[in-house]
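Just so you know, structure 1 and structure 2 below are the same protein chain in two forms, each on its own as structure tokens.
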Structure 1
Amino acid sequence: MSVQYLGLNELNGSLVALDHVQGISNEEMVSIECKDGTTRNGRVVYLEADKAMVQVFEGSSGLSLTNTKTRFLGHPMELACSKEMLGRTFNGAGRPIDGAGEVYADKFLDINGSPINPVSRRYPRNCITTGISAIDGLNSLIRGQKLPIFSGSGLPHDKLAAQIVRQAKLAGDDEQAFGVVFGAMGVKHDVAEYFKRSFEETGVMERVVMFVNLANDPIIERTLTPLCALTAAEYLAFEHNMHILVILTDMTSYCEALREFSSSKGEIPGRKGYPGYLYSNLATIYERAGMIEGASGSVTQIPILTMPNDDITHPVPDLTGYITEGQIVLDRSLDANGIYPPIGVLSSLSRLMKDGIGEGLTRKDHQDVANQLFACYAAVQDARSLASVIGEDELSDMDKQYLKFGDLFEHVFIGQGFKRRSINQTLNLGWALLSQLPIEALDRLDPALIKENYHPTQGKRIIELEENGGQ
């Protein structure tokens, strides 16, 4: 039953306070009628005895303390869900903004989601291939995983996000069962337009659901965007048995909105002004990824966040790293050298990779090739450090070969540009690069594998083809 109250006790930014309220709940939706007859939406964010604080989505500017009518609707914020959401664009609060009208809902779902019993979770298996060698080959994304991308100001994380949406697909499964939910928070108009145009031009928009919160939209809406995106993803995954990849960018914008909102409520700040509950708040978002017993669908997450001043110990990447299963880190020095995507493979990690690759999943030699590429590239960094001290001319022959390998690895394997590589092309290129080193350098590989795949001349041809754009 809805209850209506006349008048407000206090106005503070996007928050309004009411006294002497009874029978309402936290997160309950509110309809606010202004003195001119227009209505605004809000939700209860704080309760104490008979006092309530309401977050107004459109802001409290112009509201009257005496003539405003507040009606509590008796339910939390809900998203209208239907399979018709695929191919549609919504604002951060889940309202259509593509001009195609309202969604005819099959269900209205609470955007806060339902807690998943940990016992009912299935362990993530199988790959989602992104077509990007540095991810698929060395830091594989597993279905049901949460694998964030750590970026920095000015780095091409927007281009990488769009490329992943265009290229991502299930490894060996029916493409009809795969979809993408894309949530953008605090982006500029031109960036939002870039995402939409990119998806439409490449023909993937029909399997994408977009939630877009612009930089000039209310920050309250920004705090709702990931919740709406994940609600849509859970509906498609567990009601329609789809495998959904959720990309959320930029989680730092979300956390800054949360900090501003927390400050307006007068809460005691934690590290760098962020609320003390930032960890648990991020966990409620990230832990909505996964697979559930009895459901064939899955939700996989790639949250993207920018690290202020490239500081990986900043609260947002620091807490994200505790909750998620690895990270993909973008490297500023690679970007400065014109390498795209500038993925720093040594600082990146996918903790679930070992369980989703190998024979019957990707390829039998996948883990071995990845281990050897990691080891050789780590040796490259050692050789470069030594060269900076004693000079390149004084290096041993092996170290000089590592330097050549490092340049090829960065410019050919990592720096693939915007083209898509299959997992076989990625692993074959890995073998081609390893074949340019002496056999004694391949100490992580079984001799039988080396005998089967070590071909220096053939490898050189593969590398030359890649350098020429695969032509």
Structure 2
Amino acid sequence: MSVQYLGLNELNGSLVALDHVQGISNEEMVSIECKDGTTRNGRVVYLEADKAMVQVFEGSSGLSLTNTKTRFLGHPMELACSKEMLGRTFNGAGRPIDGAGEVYADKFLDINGSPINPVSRRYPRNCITTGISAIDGLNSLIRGQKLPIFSGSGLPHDKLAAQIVRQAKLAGDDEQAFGVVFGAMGVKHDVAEYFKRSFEETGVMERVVMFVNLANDPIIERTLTPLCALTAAEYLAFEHNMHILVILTDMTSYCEALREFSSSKGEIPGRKGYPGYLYSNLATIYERAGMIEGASGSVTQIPILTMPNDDITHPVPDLTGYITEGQIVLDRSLDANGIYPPIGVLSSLSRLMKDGIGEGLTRKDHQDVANQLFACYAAVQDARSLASVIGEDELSDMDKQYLKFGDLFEHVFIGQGFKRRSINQTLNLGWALLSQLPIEALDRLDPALIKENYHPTQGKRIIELEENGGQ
């Protein structure tokens, strides 16, 4: 039986201090029994001589200096893991909230995880077909990758994430080995409901583990949510060899929770008030994706974050972009034009794409088509900005062709709606669009490749087919 300490010595925000404690270890879990019989959980964050500073997950409101009994549990924060987690819903700190009782634990795992040894990583090479052209064709998602969606308020990032879950499932080689871990941090109740409903409709609910911290739940729990979600994901992927897709939304809320907590501790702030260690902290989350030697499972992460004021240089998207392997950026002007999914392909990037596509993986000409589409679409932007100054009529013939290409590309290629396209369909459509440009515009392609695939009339037919099918 461990010692109970009566009362507290200091209370400040979510931090409480206890004096005259012995044998406490750093990051140890703490349980605080309140006067009304409820217990709160906390974690040791600072130790000095016989004084311990404890972060209380549920906040300190209602606690007083005298009405509590505190116990130190002797181990760091752990999550009870077992395969039974699938289909269950937990709160941000990993406690079941679906009324189905505790999980019978197969293993208790430290939620902080441990860094994967770089030599034990297997380099991700297997493309996940999402059925979305703008992703598969131009910014391929690879199994074991961390590819965030940079979005803004009001943009359909939730729809997109749900669509990826729905369609990526079909491409899985082994139905049994597929699972989703969903971590919601500070999201609105209806957003969490939307995901739940869409998982149920797709029939994947029994393969989903949900960790939900709603917008009005305690912020300390919010800082634990992704850790719990990833611990569950690692357990399922590396102990049970499942392919786990982790969706974390919204990382901006997570970072704000971190900021709130940091400032209550009186730490020196970095950019925009976020703590100086935000990069390292985000890295410990995002780096928990990948594949390792000795296990056939994988953890693929799709974190979603909303860019405050659509500003990609804001610290949260900025630091995220430095850690993740690319990003999918949603574009407000595409959205305003009714294009779904509104993926801004030029600012999006998948760093692992080059190694996950090509002969034997997707198709031999994949990289070439993608490069050329990027280059031509970049030229479209130049033509557009020129047109906005001197008027469309004054443009050169070439620039006019580019404008036409740009519209087709956005409406047909990107704006595919909720359909699913195979890689072949995506690439053929890419060639069809490129064939609408004069042959000189294709400066990134091997002449032999152009000869084989450049068919303006046939291309037109494919495009028309797509346009009609899309309506």
Partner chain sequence: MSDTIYSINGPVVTVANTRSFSMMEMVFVGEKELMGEVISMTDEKTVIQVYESTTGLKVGEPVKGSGTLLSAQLGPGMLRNIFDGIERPLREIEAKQGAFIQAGEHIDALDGEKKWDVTVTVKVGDMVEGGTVFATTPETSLIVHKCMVPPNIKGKVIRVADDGAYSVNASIITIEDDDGQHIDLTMAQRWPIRAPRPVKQRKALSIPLITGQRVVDTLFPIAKGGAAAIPGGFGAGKTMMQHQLAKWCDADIIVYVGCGERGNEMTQVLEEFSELIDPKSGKPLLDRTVLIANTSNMPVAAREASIYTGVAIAEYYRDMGYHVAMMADSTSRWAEALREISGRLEEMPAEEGFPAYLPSRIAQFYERAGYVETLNGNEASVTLIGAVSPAGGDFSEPVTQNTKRFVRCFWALDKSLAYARHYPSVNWNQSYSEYKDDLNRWFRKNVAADFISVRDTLSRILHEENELNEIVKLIGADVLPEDQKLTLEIAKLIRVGFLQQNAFHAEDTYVPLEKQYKMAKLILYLQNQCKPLIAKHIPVSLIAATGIFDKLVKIKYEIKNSEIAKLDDYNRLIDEALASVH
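The term rigid core refers to the most C-alpha atoms you can superpose between the two forms while keeping them within 1.5 Å. Only a predicted model underlies this, so the values are computations on that prediction, with no experimental measurement involved. Structure 1's sequence is the ruler for residue numbers, which start at 1.
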Quiz item: Pick one: is 1 or 2 the form predicted together with the partner chain?
Solution: 2
Practice problem: Note yes or no: does the Cα of Ser264 move by 2 Å or more between structures 1 and 2 after the core is superposed? | Solution: no
Self-check item: Did Glu392 shift 2 Å or more between structures 1 and 2, C-alpha, core superposed
Solution: yes
Quiz item: Does the C-alpha of Leu442 move 2 Å or more between structures 1 and 2 once the rigid core is lined up?
Solution: yes
Quiz item: Rigid-core fit: what Cα movement does Thr457 have between structures 1 and 2, in Å to one decimal?
Solution: 4.8
Quiz item: Aligning on the rigid core, what is the distance the CA of Leu427 moves between structures 1 and 2, in angstrom?
Solution: 2.6
